[in-house]
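Taking the form predicted alone, here's one chain by itself in structure tokens.
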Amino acid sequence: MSTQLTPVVPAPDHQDERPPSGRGFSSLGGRRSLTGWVFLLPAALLILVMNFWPMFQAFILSLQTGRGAQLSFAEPLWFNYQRMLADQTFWMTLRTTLLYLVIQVPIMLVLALVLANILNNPRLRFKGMWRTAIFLPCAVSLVSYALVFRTMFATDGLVNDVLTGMNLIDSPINWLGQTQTAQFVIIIGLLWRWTGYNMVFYLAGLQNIDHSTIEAAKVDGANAVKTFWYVTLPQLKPMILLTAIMSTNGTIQLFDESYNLTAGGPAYTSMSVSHYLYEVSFVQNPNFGYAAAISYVILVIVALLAAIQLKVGDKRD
């Protein structure tokens, strides 16, 4: 009896039987892309009109000279920038601003990091109260706190009364009438106002750190200092970079404390460069062209410092 073998027919390969992909905006992907651009366009137009167009106008304005609205293009066009090189008041206010940056920002960030570590302790009691108390100065109006500090550091203010009562000084100090003490008061005000703000960023970063890495360091015999330096701090690096850039930009553009706390005195020695820009624009004979040139120099300084910090601090591939 013979057996008839039935030939095996291979199953058709359906991998090549894909529907042809649509082209243009008639396909599903194209329609989704078009929808995304439609939603993005209003925001992009607002950014263009409200940010980049005024920046372009400010650059054109920096090439003009004149008083008030009577402006014309300068000859040469870079006259305002050339004038800036010889403006001793501009350079003095710029040096003062950089002094605030070099002294205040490192102290503030280190202090914020220390406070965040203390308040991240799970065994600390009343954590919510302490966190709120340290962050609360950030919620106070810039003008309000500057005026309070001005009253406290007045010749007959609270600070002199306390120091005199403790026999630390013989006579009241004119805090706001001397260069070094006026700059010191502004730095103290900045530390009081912004330390809690940066602490919140570090506290959020600490709470997102994988606790197993800290436990592994303790198992390997690392003490608290080494654990913080070699385990905790590297994981906080992106947050430290963020706060450093924001604090640097904010200090370079410092205005409220200089204007409301010391009024730039004595003799411009505590004035920030942004405060000087305001003086050139609205207090002295209005020279909007020169003020626009100063604003572009501030923009370049902020951009350069941010780029340097990104280059040095961000080591990602």
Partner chain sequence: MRKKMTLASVAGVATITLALAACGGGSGSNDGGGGGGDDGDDQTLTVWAWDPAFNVYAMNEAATIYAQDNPDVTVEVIETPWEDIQTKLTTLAQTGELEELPDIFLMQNNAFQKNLINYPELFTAITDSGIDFAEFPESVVAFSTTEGDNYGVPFDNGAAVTALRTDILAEAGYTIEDFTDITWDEFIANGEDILAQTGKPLLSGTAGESDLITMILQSTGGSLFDADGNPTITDNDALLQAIDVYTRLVESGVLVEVNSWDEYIGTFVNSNVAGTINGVWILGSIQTAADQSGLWNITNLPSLDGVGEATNYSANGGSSWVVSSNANTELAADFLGATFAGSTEFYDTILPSSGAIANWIPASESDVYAEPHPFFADQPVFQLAVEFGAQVPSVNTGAYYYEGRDAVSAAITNILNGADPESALAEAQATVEFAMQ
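Quantities reported herein were computed from a predicted structural model and do not represent experimental measurements. Positions refer to the first chain, counted from 1.
Keep in mind that the form predicted in complex with its partner chain is not shown, yet the notes after this line are about it.
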| property | result |
| --- | --- |
| Single option in Ser212, Ser72, Ser171, Thr155 placed near its partner chain in the model of the complex, where near means a heavy atom within 4.5 Å | Thr155 |
| The unique member of Gly177, Pro76, Pro234, Gly165 whose heavy atoms fall within 4.5 Å of its partner chain in the model of the complex | Gly177 |
| is_contact(Gln183, its partner chain) in the model of the complex, heavy atom dist at most 4.5 Å | no |
| Proximity of Ala86 to its partner chain in the model of the complex, heavy atoms at 4.5 Å | yes |
| Contact of Val102 with its partner chain in the model of the complex (heavy atom, 4.5 Å) | no |
| Contact flag, Leu147 vs its partner chain in the model of the complex, heavy atom cut 4.5 Å | yes |
| Members of 252 to 286 lying within 4.5 angstroms of its partner chain, judged by heavy atom, in the model of the complex | Tyr259, Pro266, Ala267, Tyr268, Tyr278, Glu279, Ser281, Phe282, Val283, Gln284, Asn285, Pro286 |
